[in-house]
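For reference, the chain that follows is the form predicted alone, supplied as structure tokens.
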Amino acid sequence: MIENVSVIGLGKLGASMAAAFASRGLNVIGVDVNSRSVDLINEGKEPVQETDLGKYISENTDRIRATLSHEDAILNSDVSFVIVPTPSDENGSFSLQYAAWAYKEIGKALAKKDSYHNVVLTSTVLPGASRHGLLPILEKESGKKAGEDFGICYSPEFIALGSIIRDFLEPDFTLLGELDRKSGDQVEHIYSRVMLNDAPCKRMSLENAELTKISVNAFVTTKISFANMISELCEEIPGGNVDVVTSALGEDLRIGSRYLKGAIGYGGPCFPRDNVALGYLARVLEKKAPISETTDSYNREIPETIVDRIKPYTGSGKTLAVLGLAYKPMSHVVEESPGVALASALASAGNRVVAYDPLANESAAAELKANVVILDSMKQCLDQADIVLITTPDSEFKGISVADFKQNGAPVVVYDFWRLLSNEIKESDQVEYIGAGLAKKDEKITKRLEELWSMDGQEQ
């Protein structure tokens, strides 16, 4: 039975995985090039901010330690999980520069080890990376043979920032690409011991697993974009309500309700780049990926579409407030954030823009620089705003009342992408409420459909 594992890379995912493994009784050695991260782990503290990470580490200090030495980790564990950055390059592919360096260090350590060791890549890569990009490095540096002296697997996780540990311990399924049966058996055994639920393990070749990983995110983003498209259509249909439509769609088991909300574009460190990578892969293989490419293009156009949509409300002297700068609620991460993209687009269009996020103000300020004024509270934004745009469904924003808005006689325009606010606000004379995916009471909307179906508009 495997009792000792190592985790190479102690970022948000790596540190969280290490803590989760330890919480389930495994002895874990974490490895990182950052001495501060190593020291914090050894002090029983979290090296990065993530929900419950500090708690899991402090409660399992007897089973988790960290080191700067790959050799220490490899010689004192049986399976290594490698979770290092694989950043996108200029072509949209995933760079192996950090993974290659880690595998070189692992290979050197394997050369000094007599027993079998399994190396499991968790970072997102394109098909062929494990077998043709990384496996040869291990064989060269170790002088050993994959499949005989050491194992190779590819097993990415499907997690969300802010809930990594929960998602890791209770996954929908585990994905396992294996070089051979022996290496796959070891990893599946670890998962069966660690996972709290009875999640199925989907085992396959390395290349099939690598393709599956990016395909999952590409499919989810397509679903998000489809819901956003339906949201736009609902705004032009009398009585249109995207929540009514998507709720019914989600009842169909072929579709399901998850990620079928209809709001604003997707963002974050994974979703946007995986669509781009799938398009790149298709071009390399001399195939086409029009769905992924169109999904990416549609999502990137959303900020400019919104700028055009609210032009009738903007003008000289108006202040626009963007509430929500992280890519999702309760997160510090602003990478590919819809709120940041929208704030930037509004400012570039000549508007005075203020913004606020409960957690991401500092990181957003670094992205937006002096183009947008980042304020310390939601109240400060609302005190100044003539137009308010709510871009994340943060619980703080749900509590907004009519009394919170600027009181100067003219109604404040509120664009609520997530339809968070109360009926009090929607019905107030002091607020002109616009809910994304909700039709306004507009005679032109009705007239357009009447004309579409009038006998004069149809061929005789």
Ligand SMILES: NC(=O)c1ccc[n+]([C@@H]2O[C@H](COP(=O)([O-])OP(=O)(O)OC[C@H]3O[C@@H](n4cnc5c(N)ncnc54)[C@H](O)[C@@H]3O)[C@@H](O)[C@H]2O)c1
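Note that residue numbering begins at 1 and tracks the sequence as displayed. Predicted model, so just to flag it, every value in this text is computed and none were measured.
The same protein also exists as the form predicted together with the named molecule; that form is not shown, yet it is the one meant from here on.
Novice: So in the predicted bound form, does any heavy atom of Tyr98 sit within 4.5 Å of the named molecule?
Specialist: Yes, contact at 4.5 Å.
Novice: When the contact criterion is heavy atoms within 4.5 Å, does Pro85 count as touching the named molecule in the predicted bound form?
Specialist: Pro85: yes, in contact with the named molecule in the predicted bound form.
Novice: Report whether the minimum heavy atom distance between Val31 and the named molecule in the predicted bound form is within 4.5 Å.
Specialist: Yes.
Novice: Quick check on Lys213: any heavy atom within 4.5 Å of the named molecule in the predicted bound form?
Specialist: The answer is yes: Lys213 has a heavy atom within 4.5 Å of the named molecule.
Novice: I need to confirm a contact call. Of Leu346, Cys381, Ala102, Ile390, which residue comes within 4.5 Å of the named molecule in the predicted bound form, counting heavy atoms only?
Specialist: Checking each option against the named molecule in the predicted bound form, the one that comes within 4.5 Å is Ala102.
Novice: Which pick from Ala364, Ile152, Val187, Cys270 sits with a heavy atom within 4.5 Å of the named molecule in the predicted bound form?
Specialist: When the named molecule is considered in the predicted bound form, the option within 4.5 Å is Cys270.
Novice: Whether Ile8, Gly14 and Leu161 jointly form a contact site for the named molecule in the predicted bound form is the question; each needs a heavy atom within 4.5 Å.
Specialist: So, yes: the whole triplet contacts the named molecule.
Novice: Of the listed stretches (353-361, 338-346, 191-199, 123-131), which one has a non-hydrogen atom within 4.5 Å of the named molecule in the predicted bound form?
Specialist: Answer to the contact question: 123-131.
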